[in-house]
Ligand code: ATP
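Before any questions on how it binds or moves, here is one chain, the form predicted on its own, in structure tokens.
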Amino acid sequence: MSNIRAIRGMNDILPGATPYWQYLEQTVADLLARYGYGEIRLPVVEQTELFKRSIGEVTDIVEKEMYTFDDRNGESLTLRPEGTAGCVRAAIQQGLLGVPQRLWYSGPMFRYERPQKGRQRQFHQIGVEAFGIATADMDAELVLLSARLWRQLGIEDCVELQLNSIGSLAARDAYRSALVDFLGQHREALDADSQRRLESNPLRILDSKNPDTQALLDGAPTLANYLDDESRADFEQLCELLEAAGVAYVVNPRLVRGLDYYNKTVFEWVTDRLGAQGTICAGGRYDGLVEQLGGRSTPAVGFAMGMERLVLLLEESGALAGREPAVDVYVISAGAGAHRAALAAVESLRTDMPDTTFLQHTGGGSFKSQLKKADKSGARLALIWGEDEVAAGTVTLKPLRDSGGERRPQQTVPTGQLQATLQGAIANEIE
């Protein structure tokens, strides 16, 4: 009988990697709290209609990528492919939109795509959404927040901010017609994917990765020439605010988002360190979505960052150096009395030294075998209890790593002095 394996594109995150994820998640959570954003926890499954009405029925996500199924009552449900729609649904349903709201969420999303580095079928995002503020300073806050995050993570030199304005719905419709007219005259020169999008979602052709299509677009109408006055003014104000704050950016006139609900300003943080999957964070304004989903007209703006790609970028840039999971102290004991004494003493040390990691050996074994496991654990120090130590009221403290080219000698410590001696030894090992 063959072994059951994980579904393709839905990967296990192993203990050797989870500390990096925890570091990233905690850094983001702490930063968002400092900016006044509250966490909201959303269902993984929503009604399929939510995504059809928000993302757009002719988008690739809805047409080809969603995991959709009928439940036992015959209701069509979908594993969420993105988080904004669910956050808007919750904000409407729970009556959160009477005042401006700053919210964030995290968790897995699901899209049936071809798995590759930085792109999986189950992937994880942290999303940030702000409701009720229509002015460009709200857009600026989100960009500044994300820029601060890159600095805190040590990857600010690895990313570039790209901005564009896609205008109002009316402006975009006018531009779409002009673009279709132009591309229709060159249909045979388009790649197959762009030919398909010409009928359903022509703006997505602007971010085609096909070099021949990109060359053709050099002669196409530009979206900037169709912008409405309000969108143009908001975009200019955003650029001024970012310049005043010292945040560098590039205006990318071909930047569009793959979801129908965006309007006005859109942005992406991109990197050249991850190959084709270069977007690590993307978002923009979506002022019509709340009303589109049944709520009162409410301006909104947000972004989402891909956790897998961020972890890859942190690894690639070396920003995770020194954050490998570490054991500080490995605890060894031999003999029933020694084992009882060790368990009790270490529980007390865990209370008094909450920032220290103790790994208690379990399962028995000789001192020699336990010391081998202690060495493999990567611990700096070992605490050793034997029957002789218990009788004498002492503990053996043994350094396991070389320091300054030589290993410090082990020492016998009275149990009453163990905590102070251990804290000093850890400090010496860190030096």
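Numbering starts at 1 and follows the sequence shown. Fair warning: this is a prediction, and the values are worked out from it, not measured in the lab.
Form predicted in complex with this ligand: not shown, discussed below.
Although the partner is absent from this view, Gly306 contacts this ligand in the predicted complex, with a non-hydrogen atom inside 4.5 angstroms. Taking the partner from elsewhere, Glu113 is found to have a heavy atom lying within 4.5 Å of this ligand in the predicted complex. Although the partner is absent from this view, Ala282 contacts this ligand in the predicted complex, with a non-hydrogen atom inside 4.5 angstroms. Put simply, Tyr175 is far from this ligand in the predicted complex: not one heavy atom of it is within 4.5 Å. Of the candidates Tyr286, Phe123, Tyr330, Phe235, Phe123 is the one whose heavy atoms come within 4.5 Å of this ligand in the predicted complex; the others do not.
Note on contacts: among Ala171, Leu259, Leu314, Leu190, the single residue with a heavy atom within 4.5 Å of this ligand in the predicted complex is Leu259. Picking from 88-96, 123-131, 344-352, 136-144 the stretch near this ligand in the predicted complex, with a 4.5 Å limit on heavy atoms, gives 123-131.
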